[in-house]
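Quick setup: one chain, the form predicted on its own, written in structure tokens, and binding and motion questions come after.
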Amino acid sequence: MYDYLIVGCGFSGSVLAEQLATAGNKILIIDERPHIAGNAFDFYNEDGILIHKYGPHIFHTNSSDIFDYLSKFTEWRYYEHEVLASIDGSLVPIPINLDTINSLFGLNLSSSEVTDFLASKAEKRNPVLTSEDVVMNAVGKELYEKFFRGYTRKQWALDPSELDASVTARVPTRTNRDPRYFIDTFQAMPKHGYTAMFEKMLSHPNIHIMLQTKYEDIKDSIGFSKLIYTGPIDRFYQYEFGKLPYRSVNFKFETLQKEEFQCTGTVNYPNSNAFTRITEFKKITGQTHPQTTIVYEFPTAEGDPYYPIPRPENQDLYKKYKDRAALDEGKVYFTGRLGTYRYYNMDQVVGQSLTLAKKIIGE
């Protein structure tokens, strides 16, 4: 008899398992996949290069509490992610910054001058409701077409005018030369990889792990008091109100007989090629190796659910499931990206799980 059955060995489930086990509860955590760590799972491929199976995961946070919590399970390698975009045959920084503008337009503007330049390009929208509105309001049509429209269409199979403003609002525009993709206080990679960090997190004697195990197959044969579900909420309720839409990604890995492929960790391809970006793993892990492995990302409508599609009608559908879940309050807890149909960064998932753990323990 377990106190809690937790479905999903990613960040949400694993943080909750560790917290509840430390509080004296007996935990069973399961996952359909043959490994722990969820989408953050990393491993050494046949060439001995540490890769991320489900695409690059770059840790960043402004929360010292979250960083300190994870530091109990890993040492860190300091790393600040930089991204370039392939635009008009050149590689320029993204988010758009002072160097981006000067390079693209052959200018030599200062920070104050680039502010005026962007203001002259901007096409004011009021109210700002869609992703197109966000970008046009900030930088105007030309930069919108170069950086955002093609990338968004590939990523979401929708025009930015059809997506919630939150999608492009995540990528700021800067008037300085800061090339970092994130500006968070804490930016680092687990020194020995994410999987090693999860192994330590789940090593508590009160935690029992079962992999390659579906919740539906064991729910009636294993005793437990309460359930924590980090899988898709619509699947839990057998798609009673219909399927919640997601975008997925196909990954194409290549190991090359050279030490370096590109000059930075990730290069975006907004307008050319079927893929959205290429990431070189050694750039983000810091590994030294005579070969290098890269991954191409091809967005798709089919496959594992990665990205909830931010549209009002999808939120309306999710609300039906949320209201249905309220009937099971106290017996089932839904959390994480899939359980709450919301895109979270890794640190946000950790924070959400730590908060939920305190609530459950308090109960």
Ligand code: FAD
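Start at 1 and count along the sequence shown; that's the residue number. As the structure is a computational prediction, the values presented were derived from the model and not from experiment.
What comes next is about the form predicted together with the ligand, which is not displayed.
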Legend entry - in the model of the complex, Thr213 touching the ligand (heavy atom, 4.5 Å): yes
Legend entry - Close approach of Gln315 to the ligand in the model of the complex, 4.5 Å, heavy atom: no
Inset, instruction - With heavy atoms only and a cut-off of 4.5 Å, decide whether Asp42 touches the ligand in the model of the complex. - result: no
Inset, instruction - Using the partner position in the model of the complex, report whether Phe281 sits within 4.5 Å of the ligand, counting heavy atoms only. - result: no
Legend entry - Proximity to the ligand in the model of the complex (heavy atom, within 4.5 Å), stretch among 317-325, 43-51, 64-72, 332-340: 332-340
Legend entry - Stretch 1-28: residues contacting the ligand in the model of the complex, 4.5 Å heavy atom cut-off: Val7, Gly8, Cys9, Gly10, Phe11, Ser12, Gly13
